[in-house]
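Heads up, the chain below is alone and in the form predicted alone; it's given as structure tokens.
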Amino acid sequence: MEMGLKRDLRRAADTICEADRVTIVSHIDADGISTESILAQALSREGIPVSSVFVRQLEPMAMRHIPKDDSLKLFTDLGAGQQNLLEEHGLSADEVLILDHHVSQPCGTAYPQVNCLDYGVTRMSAAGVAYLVAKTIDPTSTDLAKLAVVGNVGDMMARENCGLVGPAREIVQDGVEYGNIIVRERDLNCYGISTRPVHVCLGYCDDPYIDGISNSTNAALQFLERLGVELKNPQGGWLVWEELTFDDRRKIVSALAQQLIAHGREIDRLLGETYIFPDETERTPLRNASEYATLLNACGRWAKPKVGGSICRGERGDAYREAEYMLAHHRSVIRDLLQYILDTGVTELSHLQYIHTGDRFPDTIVGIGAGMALSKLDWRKPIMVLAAMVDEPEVTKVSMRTNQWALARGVDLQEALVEASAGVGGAGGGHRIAAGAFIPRNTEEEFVDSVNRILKRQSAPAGQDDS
């Protein structure tokens, strides 16, 4: 690990351990929830009083939830890009510590922070940073590596390389050695390997897109039946991918590769690394990192991030039952959102496609719908979904998603939304592949046009202007 990062981790650990009490301020997504749980458990083990506040975005309205007391304010999975807001709120450098992985914003106050981007680590989320801090506080806390993997996978850190890399991958190894993570290095790169019948798993797979299989569970079932693999258990129930024999898994992967090649597609994304949790019950959403992350996202997106935090702390009673209910509801509404986008259609500009969902769906889930819709629309153009905010009618929430193809051609959604939102008096942030913004409602048209121009500039060959 880079020496400068080690130094920052040590300073952060010392700052936390010297605090009389700590308030964790974290994001509501899977990364933010797992980050909060890692740190809350680490601090509790040290006997440090800790309380937590979850926010969906660090913006002026959210600052009222930050207590005005003498606790150390530990901002996690947010804060780096909103330091001016902390300053405006009157927070001094002595009472703040930021653990983040988003692009940092220049600020007059030198707030202490640990940000992996400062050391060229672009494939690690806040949960990874939090785990490294927790491990610096107590090197025996490797049981928490599992939650860091959930956060990293949930924040798409494994997407580009079909597996975690760099320091995030080293964290995986800690979990392997502790015993609560099993790594399958060349496994099917498909969501739902622990809970979905195999044909459903394949039918919903769109990365890679498999002609004749993707978007059709019936076609996927027919494909599998032709291979002669065992798809049901002795009781007649559908098997999930994790339950198939090694030979059947190998036979299916070989046939999928042939299907991709036959349609002129690359096979490099067919296989990836998956992270199984042997201490969790089979056929549950907690059994692997990606599905665990979806459960946490469901809790956060439906205003119950602390239920997700309870799951991360090992609660498998009432909290888990509530989380399962929210997950089912979450998936139902996401399906409705996806169908609405496809039925209504998007407006296409030269370099993006967009739709305004009004107040039909919660603003906390429109980004997920955008990501799912992209592969079913013109996947070459980034997609933008705008949504009304019921509790702040003068503000519009913006979510954007793109893919590796666009990133390879220069697209950077984080940069685009930060620049465009600042131009209309809003605020944006995120990552190159997924980003969001909050803008004044009366600037929507101006904002969309601005983002389109920025994306055109980003995609232009060197030396070509954006006129």
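Residue positions are given as counts along the sequence shown, with the first one as 1. Heads up, when I say rigid core I mean the largest set of C-alphas that superpose within 1.5 Å between the two forms. As the structure is a prediction and not an experimental result, all values here were calculated from the model.
Missing here is the form predicted together with cytidine-5'-monophosphate; even so, the following discussion is about that form.
D211, heavy atom within 4.5 angstroms of cytidine-5'-monophosphate in the model of the complex: Flag for D211 set to no.
Proximity of W379 to cytidine-5'-monophosphate in the model of the complex, heavy atoms at 4.5 Å: Flag for W379 set to yes.
Contact of M63 with cytidine-5'-monophosphate in the model of the complex (heavy atom, 4.5 Å): M63: no, not in contact with cytidine-5'-monophosphate in the model of the complex.
Contact test in the model of the complex: A434 vs cytidine-5'-monophosphate, heavy atoms, 4.5 Å: A434 belongs to the contact set for cytidine-5'-monophosphate.
Full three-residue contact with cytidine-5'-monophosphate in the model of the complex, heavy atom 4.5 Å, for Q41, K146 and K304: No, none of Q41, K146 and K304 comes within 4.5 Å of cytidine-5'-monophosphate in the model of the complex.
Answer option from L295, A134, M157, C116, heavy atom within 4.5 Å of cytidine-5'-monophosphate in the model of the complex: The option sitting close enough to the partner is M157.
Option touching cytidine-5'-monophosphate, based on a heavy atom within 4.5 Å in the model of the complex, out of R184, R287, K397, R196: So the residue touching cytidine-5'-monophosphate in the model of the complex, by this definition, is K397.
Candidate stretches 33-41, 64-72, 401-409, 47-55 - the one whose heavy atoms come within 4.5 Å of cytidine-5'-monophosphate in the model of the complex: Single hit among the candidates: 401-409.
CA of R159, rigid core aligned, shift of 2 Å or more between the shown form and the other one: True for R159: a C-alpha shift of 2 Å or more.
C-alpha of G81 moved at least 2 Å between the shown form and the other one on rigid core: Shift at G81: below 2 Å after core fit.
Shift of D174 between the shown form and the other one at or above 2 Å (CA, core fit): No.
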